[in-house]
Structures are given as structure tokens and as C-alpha cells.
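What follows is one chain in C-alpha cells, specifically the form predicted alone.
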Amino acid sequence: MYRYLFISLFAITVASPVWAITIHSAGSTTVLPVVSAAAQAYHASHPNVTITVSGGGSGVGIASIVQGTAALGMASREIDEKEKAQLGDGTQVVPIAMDAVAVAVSKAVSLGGVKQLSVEQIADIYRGKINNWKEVGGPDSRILVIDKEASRGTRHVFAEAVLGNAHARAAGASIISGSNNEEQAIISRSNSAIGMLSNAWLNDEVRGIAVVVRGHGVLPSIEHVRDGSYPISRGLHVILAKDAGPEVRDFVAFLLSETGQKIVEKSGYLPVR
């Protein structure tokens, strides 16, 4: 009866008959892989439920609930007081995972000797005070500093932890990226880049360096999120509109179930169970 399942990085659509129930989710591209994978698994036992998932960033996820354009928002940061007021009473913000925001560098930077940086050094790079990797023990090359769009949860968490303000300007940045996969691609194509990425998006070409905490470098890892030692960590959330139907609530319950939390773990994040 159900002949196809179309998946892209930013959208997943499950074919369904005319009587299907549709759940639209929008927001964080960090949370997106979990919700997309869960949507596939959920569809197997609920074939009449159509689930669409789109990105855009945490700000988009929050706005989609405020504006009523989605039944389920995705956010990779905490909701601020202004946003809580806009969301109104009855809206639920549900943590489904934990994650580390990695200070990510090009492979050549890591091989060139930059294995760890202090928060102050990272801040100086983003403020434009440090411009060359040789200033922090690396190769003699100008630093390509990558910032993220203001709507992105990763940017919010990183700027708050490193620059002291979630909305701080990064004067040293020369590129502003959007999604995790976009920034990952920029870093992997460069020999001198630094950026901010979910730990789950690191690979051999895009390496997470340690952040110095009380004199010791702490790598971005699930283990260091679990024990609280990594200083740039965050919760990953879904947001239910106050008028969310039972099917939406059932899908969120699935995300929090043993099966759903295994999907979280497989996606590279720390389960909340």
C-alpha cells in the first residue's frame, strides 16, 4: 500500500492515503536527524501518520510554534523568557537528548599542532584579535573563522559559552554558515578553518579540539557531556504546541521510549533516559 519513503537532509515525507494524519516538524538541524529517523520507525507501526521534517534552525522551530505553522518544533538550545511569553501557557518543551557543541577545525590545523584552546583563545579568534594559527601553536596560516546564522541554536550556545552573550557579534568571522552539513563542508574543504558544530558532525576531516578547563584539555564527547566536564554542552528539545493532537503527543512519547532513545544514541547524542 505504501510504496515509497523519500528522505533528504532537510525533509522527510511518508506517503499516505487521503485519510492520513499529518505532523509537521520544523527547526534545528541538529535535532532533525533524530526526528527524521524516529519518523521512519514510527511510520512502521503507524502507517496512516504522515510526518514531514524541515530545518532552518532553532529560531525557526520556535517561531513555527508561535505562528502555528508546525505542530512540533525542534530546538538545540534553551528557550529564552521572551520566547516563553510568545509561546504561551500550555506549550511543552521536552528534552530528548544532550549534545556537545564542538570547537571544530580543519584536519590540517589539528595535524599542525592545534589540539586544544582555552575559552579566552577561542573568544579572541572570534573577536578578530587572533588571526593566524601560529599565534596558538599551529601552522603559519590565516584563520578562516566561521560563524553561524543568528537563528541557529548551535550559535546561541557557543556564543553564550565563549563570548559571554548569546547574541554577541563575532568580528573575526569571514563566513556565516547555516546548517551543520553546510558548515561541515566548509571546514572540510579548508586547511585553516574553525567553526562550531554538534559533536555528532565531526569526522576525520573536521576535528573537534579540546577546550581547556582548569588547566586540562577536555574533548567534546558524549562521555564528557555525561560527566559534565565539557563546558559547551546543551539539551536538544522538541516543542509541542498547546493544541497538539494526540498523534503528536504519541510521537513525542515514542521519542522518549527505549526505541526512540536508541535512535538518539545511534544519531551520536546522549539519551536523556
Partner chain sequence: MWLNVAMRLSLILASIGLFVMPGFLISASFPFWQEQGLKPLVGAEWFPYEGLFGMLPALVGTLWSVGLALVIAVPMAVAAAIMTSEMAGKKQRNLIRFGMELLSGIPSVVYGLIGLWLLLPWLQSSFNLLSGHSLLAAGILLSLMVLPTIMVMAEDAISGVALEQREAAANLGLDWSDRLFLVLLPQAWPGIRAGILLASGRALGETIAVMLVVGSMDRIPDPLYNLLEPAQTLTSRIGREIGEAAFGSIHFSALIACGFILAIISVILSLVAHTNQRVRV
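Owing to the predicted nature of the structure, the values given are computational and were not obtained by experimental measurement. Residue numbers count along the first chain shown, from 1.
Keep in mind the form predicted in complex with its partner chain is missing from the figure; the text below concerns it.
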Report the stretch among 88-96, 197-205, 109-117, 179-187 that approaches its partner chain in the model of the complex to within 4.5 Å, counting heavy atoms only. 179-187
On the criterion of a non-hydrogen atom at 4.5 angstroms or closer, are 63, 67 and 151 all touching its partner chain in the model of the complex? yes
With the cut-off set at 4.5 Å between non-hydrogen atoms, does residue 235 touch its partner chain in the model of the complex? no
Using a 4.5 angstroms cut-off on non-hydrogen atoms, would residue 33 count as touching its partner chain in the model of the complex? no
If we define contact as a non-hydrogen atom of the residue within 4.5 angstroms of the partner, is residue 161 a contact of its partner chain in the model of the complex? no
Is residue 134 close enough to its partner chain in the model of the complex to count, meaning some heavy atom within 4.5 Å? no
Using a 4.5 Å cut on heavy atoms, which of 123, 79, 71, 173 is close to its partner chain in the model of the complex? 173
Which residues in 133-147 have a heavy atom within 4.5 Å of its partner chain in the model of the complex? 142, 143, 144
